[in-house]
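Coming up is one lone chain in structure tokens, specifically the form predicted alone.
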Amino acid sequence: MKNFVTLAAGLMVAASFMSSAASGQTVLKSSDTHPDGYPTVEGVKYFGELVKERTQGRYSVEVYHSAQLGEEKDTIEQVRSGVIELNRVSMAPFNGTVKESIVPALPYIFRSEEHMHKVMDGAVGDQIKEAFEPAGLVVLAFYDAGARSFYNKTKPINSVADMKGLKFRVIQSDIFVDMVAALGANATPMPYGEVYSGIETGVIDGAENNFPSYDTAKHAEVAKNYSLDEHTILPEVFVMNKAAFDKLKPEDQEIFKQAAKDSVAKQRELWAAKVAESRTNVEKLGAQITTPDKQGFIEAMAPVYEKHVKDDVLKKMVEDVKAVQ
């Protein structure tokens, strides 16, 4: 049934695209798993407004939020194949395709969100953007997704020892699986949309994510213990199908790039406000927020780095990230 619904949505989108194209306007489809109003959704909407304005209406963007076009794994394939033109997605699922995307996904690679901004806005970010092109994608922007932390329905986590034996949902990424294993817990990759029921039914004990996701997906209703270990500050990536981008006139390519850059500032502003709002919301729901000593978590990550930072390119990138002040 789910695949049928997704296919039906895709056919509706195609029909909309054809009718719009007939009117002289090219409508680009963009996917997001998060609900309407979420900062990443609003960031892409703002990008679309700027593109429409700056191309005098020749291009517009339709944002399909709430996983209307499928979960992230599905929409990544859709944008790579050109079924949809745009996609906002976590960077972690690209770790097996674009090796440079491994670096920002490493646990504790960033000292703070400000550090992450400086890295992704600089030479390392440019290097990662270039690495996406052979995969058929053009990176338009890196969006904020805050710090990810563990939460569960069983007990507060104040140390690595408290992680032992717990089952956590993670993004479909080997790094995340290995990170959880290094902490003595069990990782269960599953789609974002299945986390609530997974916790509720006991398939998993909890998950790991930022405050806005913990809030808007209602996970705080079923997992009351939130531990601010802040293991990853993983940026989101806003990508465009490369063939679609290459078809744009050079002046339109510049418009798209600048609109994306302008949308980053907007998205970061919305993100900061949403984090504060979501923390208040989950505390009202009775979430217990603890702050463990991170040093034990950091020290446990040595085997993760050893396994995933294998070649000289990645080793150099890690050093470049650490050098950014």
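These numbers come from a predicted model, not from an experiment. Don't overthink the numbering: it's just position in the shown sequence, from 1.
What comes next is about the form predicted together with beta-D-galactopyranuronic acid (GTR), which does not appear here.
Between 125-133, 240-248, 156-164, 202-210, the stretch whose residues reach within 4.5 angstroms of beta-D-galactopyranuronic acid (GTR) in the predicted complex through a non-hydrogen atom is 202-210. Put simply, of Val138, Ile233, Ile171, Ile175 only one has a heavy atom within 4.5 Å of beta-D-galactopyranuronic acid (GTR) in the predicted complex, and it is Ile171. The listed set Ala187, Val89, Ala220, Ala182 contains one residue whose heavy atoms approach beta-D-galactopyranuronic acid (GTR) in the predicted complex to within 4.5 Å, identified as Val89.
Residue contact check for Glu72: one or more of its heavy atoms lie within 4.5 Å of beta-D-galactopyranuronic acid (GTR) in the predicted complex.
Contact check for His34: a non-hydrogen atom falls within 4.5 Å of beta-D-galactopyranuronic acid (GTR) in the predicted complex. In the predicted complex, Tyr108 stays away from beta-D-galactopyranuronic acid (GTR), with no heavy atom inside 4.5 Å.
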